[in-house]
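Presented below, as structure tokens, is a lone chain in the form predicted alone.
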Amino acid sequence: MTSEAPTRAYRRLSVEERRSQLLGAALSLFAHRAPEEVSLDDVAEAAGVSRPLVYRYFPGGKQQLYEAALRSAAEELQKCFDEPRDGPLLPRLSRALDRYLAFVDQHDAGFSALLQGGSVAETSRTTAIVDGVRRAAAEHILGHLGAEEPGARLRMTVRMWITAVEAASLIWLDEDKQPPVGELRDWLVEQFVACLVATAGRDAQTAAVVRDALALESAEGPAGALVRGVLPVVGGAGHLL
């Protein structure tokens, strides 16, 4: 008697497909647990493969796998700021932050471990990967500002704001993701404008960048909301002029 039960068809994965599968499994685990709490057995189980197969693709063990997963996450984070340079600046920045904060939300524990350091898996190479994300984000934002050969003050302002975004993201995770992510995004955009304006008072290049950027903003956009929120606070400080 022959069985008519369907036979499951298996497709042999290519080297790149298998590597991507293993990295995806590792990233999923690192997203919710610190690197030192994830074993190669955990990765193998999550990917539905054997431990020797993981070693075949990552002969350096967990450290090599962690660094590869970190590079993959870094590439994804860098893409968050890859926004077309069309239209007003602040809506562009808002869209980039939406993608960045979505990544933070999806990789909460892993994101914290990544930026706070202290992991036994942390090395000079992993530190360089994380720093590369920060530098790439800064270059994207400076490009959006349209400043040719940005000076030290403008570059420092942008990099300071990126550090503030990272710190706010970590605090947001620690505070059970409060305030709501949309409010956090808007507040970070406003912080960006405030940082630029403070620098503009001391740096002609930044002042020109701010004037050009604000000229394209609308009253209904983030800049208009910021002005309406700040004016009642500083309106009575005319005596300081």
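One-based numbering along the sequence shown. All figures in this text were calculated on a predicted structure; none of them were measured in a lab.
Not pictured, yet referred to below: the form predicted together with another copy of the chain.
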| query | finding |
| --- | --- |
| Which of 167-175, 137-145, 98-106, 75-83 lines the interface with another copy of the chain in the model of the complex (heavy atom within 4.5 Å) | 167-175 |
| Another copy of the chain in the model of the complex reached by all of T157, P179 and G224, non-hydrogen atom within 4.5 Å | yes |
| Contact residue in the model of the complex, from V38, L27, L188, L65 (heavy atom within 4.5 Å of another copy of the chain) | L188 |
| Listed residue that, although another copy of the chain is not shown, lies within 4.5 Å of it in the model of the complex (heavy atoms), from A34, L53, A47, A200 | A200 |
| Close approach of R153 to another copy of the chain in the model of the complex, 4.5 Å, heavy atom | yes |
| Partner proximity in the model of the complex: S218 to another copy of the chain, non-hydrogen atom cutoff 4.5 Å | yes |
| Residue contact check: L13 to another copy of the chain in the model of the complex, 4.5 Å heavy atom | no |
| Contact test in the model of the complex: L184 vs another copy of the chain, heavy atoms, 4.5 Å | yes |
| Within 222-241, the residues that have a heavy atom no more than 4.5 Å from another copy of the chain in the model of the complex | A223, G224, L226, V227, R228, G229, V230, L231, P232, V233, V234, A237, H239, L240, L241 |
